[in-house]
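This document opens with one chain alone, in structure tokens, the form predicted alone.
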Amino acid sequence: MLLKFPTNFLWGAATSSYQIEGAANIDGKGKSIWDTFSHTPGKIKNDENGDIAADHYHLFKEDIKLMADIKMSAYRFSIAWARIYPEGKGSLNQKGIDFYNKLIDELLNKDIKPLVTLYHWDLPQKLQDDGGWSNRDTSKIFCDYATTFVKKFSDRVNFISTLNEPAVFSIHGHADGYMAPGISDKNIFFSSIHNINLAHGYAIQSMRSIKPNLELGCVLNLSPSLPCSNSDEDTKATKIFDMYWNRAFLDPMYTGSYPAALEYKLKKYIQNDDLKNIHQKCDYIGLNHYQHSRVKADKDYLLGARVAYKDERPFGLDNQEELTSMGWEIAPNAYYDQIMELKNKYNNPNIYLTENGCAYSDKIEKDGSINDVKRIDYLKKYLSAVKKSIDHGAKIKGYMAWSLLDNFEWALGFEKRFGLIHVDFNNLKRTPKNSFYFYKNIIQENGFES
């Protein structure tokens, strides 16, 4: 049976600046927290870094040609803040502006809609030196950066997301220290939550004041939370985790209030009109989703509740269950459930599926092909869940596969491969995988045979 998607559905892929651009120290770019973190011994697997990554900075035309070859209608990418403002504020870097002008123009020349994310985790190091997201001033500085972007690029870019996955970079950056900037401090974590929310609200207001018809929102990594056991401890921990992972940003941004228990923890950071400033009209929710969250209580973990990360297996899961090479479950029903929760509890918003995909260890055959059948099967399962949610009334506007290219997978280095296109990190050669051609057929048919 052919599963057909709505007319004008956007089919594309997603990337992020630090994970693919490279060019870390040229053309005036400033240092980001990921430049610092990845050069700190022991923080990244194999002590790898994103100095070169996939070198998209120099090879973007080749990468866009590959997108155009399969008629992608959209490309989601992020701006490296420190490439625009090397110190996060102050003097603009014209060469950084020039790069993104060339990238955007090339996309438009190929009839590919640019979907821009202003912040995908790479805070300028100079701002981190002044406290980073725990410093309330960073919210206003981010607003200034967003304002600059709109003034420079909104003649060609209409779709802008403020932040990517604030729950991830707040928890892993400031609660457990697994990711940049590598901090584990409860007070810094709580202040960062609120200041990140403020940054979103301030930026939406400023961008809207300059150009009212922009399509604006935020990208959130959301997933249904379930306890890893029937114990009271794990059940309580699941509510805590859900608050930090799913509600801490979604609720203030899209409903105007924090969960009561979180508001109590944040009360010393909340000033008059803050929630009003955070709760701005958004045109969509960007949903990143990979699996559900199996939560366990952990009194030694700063938040008291956590899911598996690093190389841990999902808690409470049967050892026979097949996982991706990230150690993640294949749970398309969780995708459907998460989409429908947004529909039913958050006023049936427009939803862009801004990230979804899987990592596997791909093998290049003797004939040069990469027969990534597990990724194709994954896409079929997850897109079937998307189609089911559309049939049940969810307003899904597009799907961005994660990722266009194999890339630098943060603390895990280059080992985990999510791309539709294989990258040889020794010579930067691009090789489309069979999933790339499967995706081409999906785009051509605006659907697929289930």
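Remember, predicted model here, so these are calculated numbers, not experimental data. One rule holds for the numbers: they count along the sequence shown, beginning at 1.
Below, we refer to the form predicted together with a small molecule, which is not included among the displayed structures.
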property: Candidate spot 164, 288 and 328, all three touching the small molecule in the predicted bound form (heavy atom, 4.5 Å); result: yes
property: Interface membership of residue 77, the small molecule in the predicted bound form, 4.5 Å heavy atom rule; result: no
property: Non-hydrogen atom contact residue 355 with the small molecule in the predicted bound form at 4.5 angstroms; result: yes
property: Residue 409 within 4.5 Å of the small molecule in the predicted bound form, heavy atoms; result: yes
property: Contact of residue 435 with the small molecule in the predicted bound form (heavy atom, 4.5 Å); result: no
property: One residue of 174, 120, 306, 375 in contact with the small molecule, assessed in the predicted bound form (non-hydrogen atom, 4.5 angstroms); result: 120
property: Option touching the small molecule, based on a heavy atom within 4.5 Å in the predicted bound form, out of 402, 37, 382, 399; result: 402
property: Interface segment, criterion being heavy atoms within 4.5 Å of the small molecule in the predicted bound form, picked from 410 to 418, 387 to 395, 53 to 61, 29 to 37; result: 410 to 418
